[in-house]
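Here you'll find one protein chain in two forms, each presented separately as C-alpha cells under the names structure 1 and structure 2.
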Structure 1
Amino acid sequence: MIRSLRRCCFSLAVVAAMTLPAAAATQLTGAGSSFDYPFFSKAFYIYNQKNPDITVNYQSIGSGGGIAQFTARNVDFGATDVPMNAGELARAPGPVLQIPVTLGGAAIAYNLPGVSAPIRLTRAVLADIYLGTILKWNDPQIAKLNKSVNLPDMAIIVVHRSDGSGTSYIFTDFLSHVSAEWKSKVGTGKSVSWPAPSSVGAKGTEGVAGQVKSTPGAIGYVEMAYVVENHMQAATLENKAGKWIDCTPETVAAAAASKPEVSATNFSIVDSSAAGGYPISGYSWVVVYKKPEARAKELYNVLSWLVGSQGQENAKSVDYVPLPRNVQGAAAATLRQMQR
C-alpha cells in the first residue's frame, strides 16, 4: 500500500516536471466566428512553428458567442463577421480596437439541369429572385440576360442559410444596397425573415451547397472558398460599373482595395463601384482591448503578424482572400494603438 503510494507520488512528480517547461510558453485564447476558423487554424499553426513559445487556442463558437466571451474577458481576443456595434461596445469593460483580418465573398450557386454555360444575373434580378417577384427560370428578365442559354420552364427555389451567419449578413447587406424594397421590407442581418414564397433554409455552408446540388431549379449563396474548393458553378454578376464579374479571390480583393479607409463604423464594401470588383463581399474582424489585462505584448505580436503580408499569405492557401496592401496598412495602424 505504502509502496504503491510512493510510486504514485513519484510518477506525479515526473509528470509535473515534464509539464512545467511547457507551462512557461504563453497560450493566447480567442473565440468567435466560424467563418475565420479554417484561416486561423492554418495561420496560428504556422505562427507556432516559427515561435514555439506561443500557442493560440481559437474556438469557433460563432460571432455572437465570441463577442460575449470577449466582453466577459474570458478570452484574449474575439473574432466576428460583423464589427461590434455601439451597444455592444458600451457593454464591453474597456475601449475596444476592431481590426479587419480577412475577406470573404458570397458566390451565387445554382442548379439548372442541361445548362452548362454560366448564367448571368444583374443585381436587380438577383434581388427580385430573393424577394419572390421573379418565380421562374424562363422569366423574360432572366432570359434577356442569357440569350444563348435555353432556360427551362422551372420554378426557382430560393435557398438561404438557416443558421445565423456572416455570409447571410454580407448577402442581405448587398440586397439592401441594390433594392430599396428589400431594404424596407427585409433589411440587413445574420438572420432575416426571407420573403420569397419558395424559400428553403439550410444549415451551414455545406447545407446550402448540398440543397442546391440536390434540387433542380435551386439558387443559393455560398461562401467563395467552398465554391472554389468544390468546383461548383456560380453565376456571373453585373457590378455597379456595368461589368460582368465572377466571384474569385481577385475580384473580391478588388472590391476591398477600392475602399482603403475601412473602419469598424464604415465597413461595408458590398456593391463596390470598382470596375473589377465583385459586388457581394465583406470583411471579418478581430476585436481586442486597447489595454489588455495580460499577455499584451504576445497578443500584439501575433495579430500584427496575422494582418501583415506573412500572415495574410496563409489566407490564400485555404482559399480565403488576403487583405489588400492598403488595408493591411490601415489594420496595422489601428493595432499600434494597443498598449503593450
Structure 2
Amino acid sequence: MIRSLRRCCFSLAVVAAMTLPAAAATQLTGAGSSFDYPFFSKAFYIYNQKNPDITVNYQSIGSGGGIAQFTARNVDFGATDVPMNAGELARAPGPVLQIPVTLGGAAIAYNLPGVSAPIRLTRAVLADIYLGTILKWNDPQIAKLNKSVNLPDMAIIVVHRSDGSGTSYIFTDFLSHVSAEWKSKVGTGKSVSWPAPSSVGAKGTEGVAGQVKSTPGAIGYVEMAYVVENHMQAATLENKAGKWIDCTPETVAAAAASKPEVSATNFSIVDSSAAGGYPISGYSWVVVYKKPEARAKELYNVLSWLVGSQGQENAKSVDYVPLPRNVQGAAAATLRQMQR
C-alpha cells in the first residue's frame, strides 16, 4: 500500500520553505504541471547549490496554464503531463521542443473515516464511480471486492481537477481505455465535463489532495508524492493483467518498461499490460522553444542536467521515477537541437 512507503526524505514542506538566492546573475522561469512541482523544487534547488549564479523559479499552475504562459512567452519553459497537440503547437510563436522529464503515477486517494484496511477497486468499478453510476461506498460492486472491510453507508464525493490539467488527461486517458461508456460520453482531455452528480473540482494536484483529505467519503486522483507526504490512503487497483497493484515507484517503472520508446506523439503508458505495472502512470514533459529569445545557454544547461543522470537521481527521494536510460538519451538528443 502506498501509505506504507518510506516517507519523502525531502518533504514538500521543506521544499516549499526553500528560498533561492535573489542575487543570482540569471533567473529562469517556468510554469505548468503541479504533478511535477515536488520533483522540480528539489532538483532546481540542488542545481542552484551547484551553480549559484542560476536560479529557476517554477510556478505550479497546471499544465494548461503552463502551456498558455509558454505560448505567450511569459516564461522560459512550460511543463505539462501531456505533450502539446497540433493545435497548441500551431499557436506557438516558434518551433517547440518537447522533452520528457520525469515519470509518476496518479494514485487513487480516498477518505473513509474508521476504515483502516486498504480498499481494492477494479478498473471497471473506478470508471463507474467517476461516471456516477456507483454512488455509495457500500455499493455491492465495491463490497464484493472488499469482503473483509466494513464499508460505510456513505456517499462517494468525486474530486477532480478544476483547471486544465495534464494529470486529468492521464486519468481520463486511462478511463477511456477501460470504459467504452466513458470514452463515448466523456473522452480524454485536460478539461472534461465530469458526469458524476457529486463531482467537486479543485485547483492543482495540491487542491485535489487537500479536498480529498478534508472531505469524508471523497475520492480523487493525486500524484504519488502528494499522497505519501500527506499520509493519505490510496486504493489498490486491479491492472490489465488481473494483478492487484499499488502505486509505487517500482510499479510505475514497470508500466514504463512495457513501452520502451516514447515520443511527443506516442506517449501514453496507461493501462499497461505489464504484470507488475500500475495502470495510471505517465510521463511529464518540458516544452521549450528551439530558438529561445534569451538565456538559451543557461536554459539548455539546466534542462540537460535535469534529464541526465545527475538530475534524475533526485527523483526517487520525492517518490518519482527516474527516466529510463534510453529515454534520458532521447531527451538529451532533442535538447541538443537548441544549439543548432
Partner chain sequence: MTVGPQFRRVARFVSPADRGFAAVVYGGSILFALLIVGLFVELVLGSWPSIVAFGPSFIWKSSWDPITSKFGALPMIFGTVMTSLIAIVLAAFIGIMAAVFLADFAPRWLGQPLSFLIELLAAVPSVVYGLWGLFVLAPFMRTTIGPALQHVLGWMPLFSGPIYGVGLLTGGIILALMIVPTVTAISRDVLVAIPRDLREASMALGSTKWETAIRVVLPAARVGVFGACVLALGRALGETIAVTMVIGNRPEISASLFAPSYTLASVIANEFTEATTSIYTSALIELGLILFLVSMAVNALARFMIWSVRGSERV
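Small disclaimer: the values here were computed from a predicted structure and weren't measured. Each residue is numbered by where it sits in the sequence of structure 1, with counting from 1. Heads up, when I say rigid core I mean the largest set of C-alphas that superpose within 1.5 Å between the two forms.
K.L.:
Please let me know, 1 or 2, which structure is the form predicted in complex with the partner chain?
P.N.:
Between the two, the form predicted in complex with the partner chain is shown as structure 1, not structure 2.
K.L.:
Rigid core aligned, does the Cα position of Y278 differ by 2 Å or more between structure 1 and structure 2?
P.N.:
No; Y278 is a residue whose C-alpha shifts by less than 2 Å between structure 1 and structure 2 when the cores are overlaid.
K.L.:
Would you tell me if G220 moves between structure 1 and structure 2 by 2 Å or more at its C-alpha, with the rigid core held superposed?
P.N.:
No, shifts by less than 2 Å.
K.L.:
Taking the rigid core as reference, does the Cα of I119 move 2 Å or more between structure 1 and structure 2?
P.N.:
Comparing forms between structure 1 and structure 2, the I119 CA shifts below 2 Å.
K.L.:
Can you give the C-alpha shift of T80 between structure 1 and structure 2 in Å, rounded to one decimal, after superposing the rigid core?
P.N.:
Value for T80 between structure 1 and structure 2: 3.3 Å of C-alpha shift.
K.L.:
Fitting the two forms on their rigid core, what distance in Å separates the Cα positions of K291 between structure 1 and structure 2?
P.N.:
Its C-alpha position differs by 8.1 Å.
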